[in-house]
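Only one chain is included here, represented as structure tokens and corresponding to the form predicted alone.
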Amino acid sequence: MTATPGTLPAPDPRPPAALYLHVPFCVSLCPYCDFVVVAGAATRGPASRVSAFVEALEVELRLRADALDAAFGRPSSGSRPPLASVYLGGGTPSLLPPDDVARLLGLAGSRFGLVGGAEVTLEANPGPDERGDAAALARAGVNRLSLGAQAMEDALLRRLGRRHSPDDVRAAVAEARAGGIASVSVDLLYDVPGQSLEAWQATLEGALELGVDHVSAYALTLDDPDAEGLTGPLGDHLPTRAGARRWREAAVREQDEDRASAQYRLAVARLAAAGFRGYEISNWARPGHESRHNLAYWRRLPHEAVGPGAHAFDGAVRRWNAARLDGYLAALSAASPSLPPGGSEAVHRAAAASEQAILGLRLDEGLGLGPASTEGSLLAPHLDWALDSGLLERFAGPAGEPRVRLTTDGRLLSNEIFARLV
């Protein structure tokens, strides 16, 4: 009996190439943010839970490393390759004391292994009381800083609930350079209510004037994790606050697809003119500054992840930790600690091929069309339509092999293609 595509067995698991650490603390909550974040007294002051969290994170790192040692051998044995990247995301990881960052990175290096010159990224907010000490972070091992700038206009930053100013972004980049951070990235948002095309252009120009190495530009997305069933006890999202829900309901009425399209096209043209490569739908980099960690995700490489709401993937199974900090701390701070609550799902071969095709098309590397390309074969029934519609273009790969990639129109309408590949 032949198995149906949905029941084909999962691929074999593989050891991770990257490690993600989720740090959920923020000084305040932005109304559009869906990341796993806690704020207020848990972040600062006598009731702060940061120290307890760092201790729990260290326990999870050891437990995950123990499992990898049992499955693939220790990195020191040569049977398991060391990590190529570590990413501290959040939340606001720059709120951690640099000594804690050094401890976590030291533990990651000793238990998971790090290749020489590994990329080590830390996310930071630009405000003076949030961005941390860049020089101390560099000494701790951070060599790439990702700043949540979002905009370079005071009024727009206030509307987004951000605590910093454009001058704070400038100061944060200057301090990162002076402190020895080798690569600096900024996150920007477009399709923000009240953001004209001219305001978006000013934000792009402001970011380029800083001399940053990498720009991530995302359309403001206002999802509803509660409606999607992601906020239960084992869910990877936290429930949306009532105030944030009201903000989103008002904001979505002011978004405009045509304006968003014009803003994206402006980013494509302006960043290319400044020497940035649009290596992924929402990411541009100067040569050599592409995010190696995020490329591991888009190339569908196995990655380990720790912290509330963090997602891991071993090539066969996706696993996530539940988002709630109380459950996370309770499991890992017990006298006999256990892995935190969460969930998992096997990724069968048919789904894996679809994921590979979709993720490949997100990149300017595109997809191969040779006879050995499973992803190219998946695309084949839709190829003529996408080419005729101007959503895809042909090009020759490094060895001259035929490949296709999304055009700018295709990137704007990528969901039209992706829906056909699922």
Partner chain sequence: MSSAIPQVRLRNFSIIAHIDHGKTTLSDRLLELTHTIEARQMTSQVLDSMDLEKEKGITIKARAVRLEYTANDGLLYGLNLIDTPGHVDFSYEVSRSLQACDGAILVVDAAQGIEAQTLANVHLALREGLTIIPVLNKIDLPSAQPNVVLEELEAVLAIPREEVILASAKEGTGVPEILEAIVARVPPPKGSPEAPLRALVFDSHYDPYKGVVCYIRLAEGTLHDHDAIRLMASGAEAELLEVGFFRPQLVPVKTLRAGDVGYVATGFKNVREAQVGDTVTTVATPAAEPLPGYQEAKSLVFAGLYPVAGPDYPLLRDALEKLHLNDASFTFEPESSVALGFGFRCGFLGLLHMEIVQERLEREFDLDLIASAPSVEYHVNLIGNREPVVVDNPARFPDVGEIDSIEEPWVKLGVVTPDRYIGSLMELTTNRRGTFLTMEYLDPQRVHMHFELPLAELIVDYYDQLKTRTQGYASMEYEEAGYRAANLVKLDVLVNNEPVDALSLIVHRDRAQATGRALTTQLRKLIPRQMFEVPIQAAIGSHVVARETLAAMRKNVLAKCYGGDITRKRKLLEKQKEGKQRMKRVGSVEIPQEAFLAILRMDEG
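Please read these numbers as outputs of a predicted model, since none were measured by experiment. Numbering follows the first chain given and starts at 1.
Quick note: we don't show the form predicted together with its partner chain, though the next part is all about it.
- Taking the partner from the other structure, its partner chain in the model of the complex has no heavy atom within 4.5 Å of any heavy atom of P337.
- Interface membership of W247, defined by any non-hydrogen atom within 4.5 Å of its partner chain in the model of the complex, is ruled out.
- Among residues of the shown chain, T407 is not one whose heavy atoms approach its partner chain to within 4.5 Å in the model of the complex.
- In the model of the complex, its partner chain sits within 4.5 Å of a heavy atom belonging to E355.
- With the partner omitted here, the stretch from 167 to 175, 125 to 133, 229 to 237, 192 to 200 that lies within 4.5 Å of its partner chain by heavy atoms in the model of the complex is 229 to 237.
- Of the listed positions (S110, S79, S333, T221), a single one reaches within 4.5 angstroms of its partner chain by any non-hydrogen atom in the model of the complex, namely T221.
- Residue in contact with its partner chain in the model of the complex (any heavy atom within 4.5 Å), chosen from R286, H311, R349, R292: H311.
- In the model of the complex, its partner chain lies within 4.5 angstroms of at least one heavy atom of each of the following residues of 261 to 296: S261, I281, S282, N283, N294, in sequence order.
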